[in-house]
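Below you will find one chain, with nothing else, as structure tokens; this is the form predicted on its own, and questions on how it binds or moves follow later.
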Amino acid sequence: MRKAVALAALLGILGSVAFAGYPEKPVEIVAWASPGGGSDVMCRTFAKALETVGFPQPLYVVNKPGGSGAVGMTYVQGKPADGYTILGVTNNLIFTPLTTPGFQYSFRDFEPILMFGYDPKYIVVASNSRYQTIEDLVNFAKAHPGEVKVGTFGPGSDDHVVGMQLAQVAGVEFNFIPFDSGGEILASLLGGHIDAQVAELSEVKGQLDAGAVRILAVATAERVRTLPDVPTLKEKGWDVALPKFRGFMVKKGTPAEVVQILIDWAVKAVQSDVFQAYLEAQHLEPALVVGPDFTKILVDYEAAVKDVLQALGQ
């Protein structure tokens, strides 16, 4: 028994020594978007922020676009679970496995480092719209099933799911119109071809500042700091809160000691001036959640989205 205890203690010491030097080589940060895309900018800013707080090894961003994040997830899963490959994630981490037949990975195959914030989803109308409030929009839709046209990125997208959730809990029927880009949706809204859209602030900020659009509500649990006068759908009686989360993860099986080292560095990075400026410029809401608490958010998110996707026939 004494020998076993001594051996366990020795292995524990050796394990600590083995990870004491991490990181000992350059670290790769994987963006599942093309250069210039939202995920790419997120990952490059994170790398720059890590550098500014003194991360001891070079960091480089690798772009693995395709399959709504599937290519990036698969690439990371093909790497060793050693903490030298970090994946930048958004809610495609949940959506893609649920909507891609045969895809073998999910968020459960990754170890969370942290979530640093989220993109709120807003219900937007043109400034000359008949709908002055979110109640106006919902009440009209209730009285005229299928007549209110709502622009989204298409079936199964996060903005479509937000719209579907609102329709379900409010007991109304929207006519969802799919588009290929946020610019197309906004142009259609301003042209009077659709009645509303579900959008992130960065997609409509210019027109909001110009007075061309009006925001009726936001799909978050609480009002956001950027637009504190905008009510939440939840406070209006419709429990819809599905923002786009943003964060970083590593492959499942990465040693706990390495994960903790990454968490410590990541927290410093996202609290840096460089990263805070990025949050401000991208109109993101800060929300620092680390380790298992991030996993809990993912579990709840998957449960909510799965119900809606099944209703959509995905």
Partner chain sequence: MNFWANLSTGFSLLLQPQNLLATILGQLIGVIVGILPGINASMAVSILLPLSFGLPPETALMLLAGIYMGTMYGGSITSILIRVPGTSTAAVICLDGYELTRQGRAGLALGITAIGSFLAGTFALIVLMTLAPTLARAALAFAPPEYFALIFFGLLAIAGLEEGVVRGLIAGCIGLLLGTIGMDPVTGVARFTFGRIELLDGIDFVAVLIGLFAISQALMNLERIRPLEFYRGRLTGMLPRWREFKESLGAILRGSVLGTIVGILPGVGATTAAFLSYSLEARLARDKSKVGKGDLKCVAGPGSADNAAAGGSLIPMLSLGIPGSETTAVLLGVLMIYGIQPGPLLFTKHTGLVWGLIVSLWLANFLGFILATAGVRPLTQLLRLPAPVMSAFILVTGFVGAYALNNNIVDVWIALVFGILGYIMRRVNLPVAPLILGLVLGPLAEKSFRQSMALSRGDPTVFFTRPISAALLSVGLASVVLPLLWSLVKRMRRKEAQA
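Keep in mind it's a predicted model, so treat the numbers as computed, not measured. Positions refer to the first chain, counted from 1.
The following text describes the form predicted in complex with the partner chain, which does not appear among the structures shown.
Colleague: Decide if the three candidate residues 95, 261 and 304 all line the partner chain in the predicted bound form, where lining means a heavy atom within 4.5 Å.
Modeller: So, no: the whole triplet misses the partner chain.
Colleague: From the list 106, 100, 226, 77, which entry has a heavy atom within 4.5 Å of the partner chain in the predicted bound form?
Modeller: Among 106, 100, 226, 77, a heavy atom within 4.5 Å of the partner chain in the predicted bound form occurs only for 100.
Colleague: Name the residue from 54, 253, 36, 58 that puts a heavy atom within 4.5 Å of the partner chain in the predicted bound form.
Modeller: For this set of options, the contacting one is 36.
Colleague: In the predicted bound form, does residue 175 have a heavy atom within 4.5 Å of the partner chain?
Modeller: It does: once the partner chain is placed as it appears in the predicted bound form, residue 175 has a heavy atom within 4.5 Å of it.
Colleague: Taking the shortest heavy atom distance, is residue 241 within 4.5 Å of the partner chain in the predicted bound form?
Modeller: Result no; residue 241 lies far from the partner chain in the predicted bound form.
Colleague: For residue 283, is any heavy atom within 4.5 Å of the partner chain in the predicted bound form, or not?
Modeller: Contact with the partner chain, yes.
Colleague: Answer with yes or no whether residue 187 is in contact with the partner chain in the predicted bound form, where contact means some heavy atom within 4.5 Å.
Modeller: Contact with the partner chain, yes.
Colleague: Tell me which stretch of 202 to 210, 106 to 114, 122 to 130, 163 to 171 has a heavy atom within 4.5 angstroms of the partner chain in the predicted bound form.
Modeller: That would be stretch 202 to 210.
Colleague: Within 127 to 147, which residues come within 4.5 Å of the partner chain in the predicted bound form, counting heavy atoms only?
Modeller: Sequence-ordered list: 145, 146, 147.
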